[in-house]
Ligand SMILES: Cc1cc2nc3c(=O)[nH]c(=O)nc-3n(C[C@H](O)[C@H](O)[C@H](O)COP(=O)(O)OP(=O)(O)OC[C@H]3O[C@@H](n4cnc5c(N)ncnc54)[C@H](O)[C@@H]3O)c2cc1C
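For reference, the chain that follows is the form predicted on its own, supplied as structure tokens.
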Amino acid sequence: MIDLPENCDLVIIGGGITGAGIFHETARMGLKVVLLEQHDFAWGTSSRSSKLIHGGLRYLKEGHVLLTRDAVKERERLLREAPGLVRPIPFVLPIYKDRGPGRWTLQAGLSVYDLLAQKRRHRRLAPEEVVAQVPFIERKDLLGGYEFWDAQVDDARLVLRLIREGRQAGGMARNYTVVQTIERDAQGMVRGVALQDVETQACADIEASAVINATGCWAECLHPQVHAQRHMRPLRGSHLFFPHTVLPVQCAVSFTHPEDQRPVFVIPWEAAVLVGTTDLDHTPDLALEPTITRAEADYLLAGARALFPSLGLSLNQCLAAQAGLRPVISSNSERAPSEESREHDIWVDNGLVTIAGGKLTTYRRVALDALKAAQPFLPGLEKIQPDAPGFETAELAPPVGAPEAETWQRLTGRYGQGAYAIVAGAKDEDLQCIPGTRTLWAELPFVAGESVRHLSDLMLRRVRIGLLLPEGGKAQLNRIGRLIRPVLGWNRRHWRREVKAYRNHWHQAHGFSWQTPVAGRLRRCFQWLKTHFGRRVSGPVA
């Protein structure tokens, strides 16, 4: 049994940032809207980004001024409307002799960046000021640098807040539900979708006036563009997560990689530090979860070691890794991945609107463009107001017994009005942070009620414990289980099954399976056996 209406105005396919943004807008406009996601909400690109809300300084270099302008405006809007979820972060750009962009190039780019934001947010740094802000940075040939400001976010929580508020406005959203077919009438007009729960196999049909395909890299699976000039080009971006004690930076550092002069960065995020990102064509099957390769890990590590040679960084010190796919559209597959535009296209086909491309930062502008394209098929859609607030901006007063001001703002930024439910009745010990994170124990029972089906949903997206703690938070699982099992109705047997599945999933998707000593010994053993006994032995030799 699938608890969804038989008909609605609009079906949105895809529960990432674009789909969530459209869902949020249309629900608040009063439309009867249903959002469907085949995995978990924010499962794909929208929980695996670089966690930045930024204008994209490098896009200016590539001539994408309008994209940068729009992104800077959206950054400023989100900083105003979602404090605690989106927060400013300082960047340092070191300048080295005979390496990377020079002083005048950076000065020009940062000046335009500030002009677009209509506020000055950069300054030049002397070499000693760079060292003061980034103490362990390489000092050889350091000429100075620049400081500028951007913003960062918990990308998955941004998606989930949009879905939460869309539901509160009357929309319906369902994860682990795949759209099997888009139904059309005799004239070829969209009339609805046929769907199935991927786990229970229950099926249903929904009649709808329009369907929006916001499936990111999977867009052409639902809406093939046979004669189009531009097609999806999935690009993989991977990150390493280090403990702050291992990579002690207080601000973000953007620099050029010594191997290929690509811009990479080191960014403090939550209680960890990200090193990223790569930009490679992704050729494996899209049905398989993307994972970091050994070559990518070595590349990122080499960049971090070059910037911080005295820290002795190694992959053994990493907390986790993560790989995501960028839904880039391209007309020239021979162009270098980093040179591809992050602008978006809208394709319309008799009531089916497909969004291709786009950035996390500009999700609302992409959503509004999609709604404009869908408007002819949605007579109930009111006038679209791009300048209306994207979030309610009223400050939520802390209740009696609330945590300190900074923690309360963090809770309201992530959960909106839900912050009151988290604090209400929580024990004092549950209003403490889980060691090694900024997540409160009291958040766990609350987020367990956010359509969680599996432990990985909670650990990797509702909160980010699985990326911030050693071995995916293994040491904290017993207490986590005591807090969330009553909410989810999981008995001990179900809990043990979920823990096993989560641990296996974490090692495959976020660990370094190719680095573990056991795996290495097994490979060497099977290689020896194959060498001596030939085809009579088979095993994990690759």
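Keep in mind that what you see is a predicted model, and the values were worked out from it rather than measured. Start at 1 and count along the sequence shown; that's the residue number.
A second form of this protein, the form predicted together with the named molecule, is not displayed here; the remarks below concern that form.
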**Report entry** Option touching the named molecule, based on a heavy atom within 4.5 Å in the predicted complex, out of 320, 156, 360, 275
**Finding:** 360
Query raised in the report: Does residue 212 make contact with the named molecule in the predicted complex, using a 4.5 Å heavy atom cut-off?
Result: no
Requested in this report: Tell me, yes or no, whether residue 54 is in contact with the named molecule in the predicted complex, where a contact means a heavy atom of each within 4.5 Å.
Outcome: yes
Requested in this report: Report whether the minimum heavy atom distance between residue 44 and the named molecule in the predicted complex is within 4.5 Å.
Outcome: yes
Query raised in the report: Would residue 49 count as a contact of the named molecule in the predicted complex, using a 4.5 angstroms cut-off between non-hydrogen atoms?
Result: yes
Requested in this report: Heavy atoms, 4.5 Å, the named molecule in the predicted complex: which of 132 to 140, 360 to 368, 105 to 113, 466 to 474 makes the cut? Say which one.
Outcome: 360 to 368
Query raised in the report: Mind listing which residues of 10 to 33 have a heavy atom within 4.5 Å of the named molecule in the predicted complex?
Result: 13, 14, 15, 16, 17, 18, 19
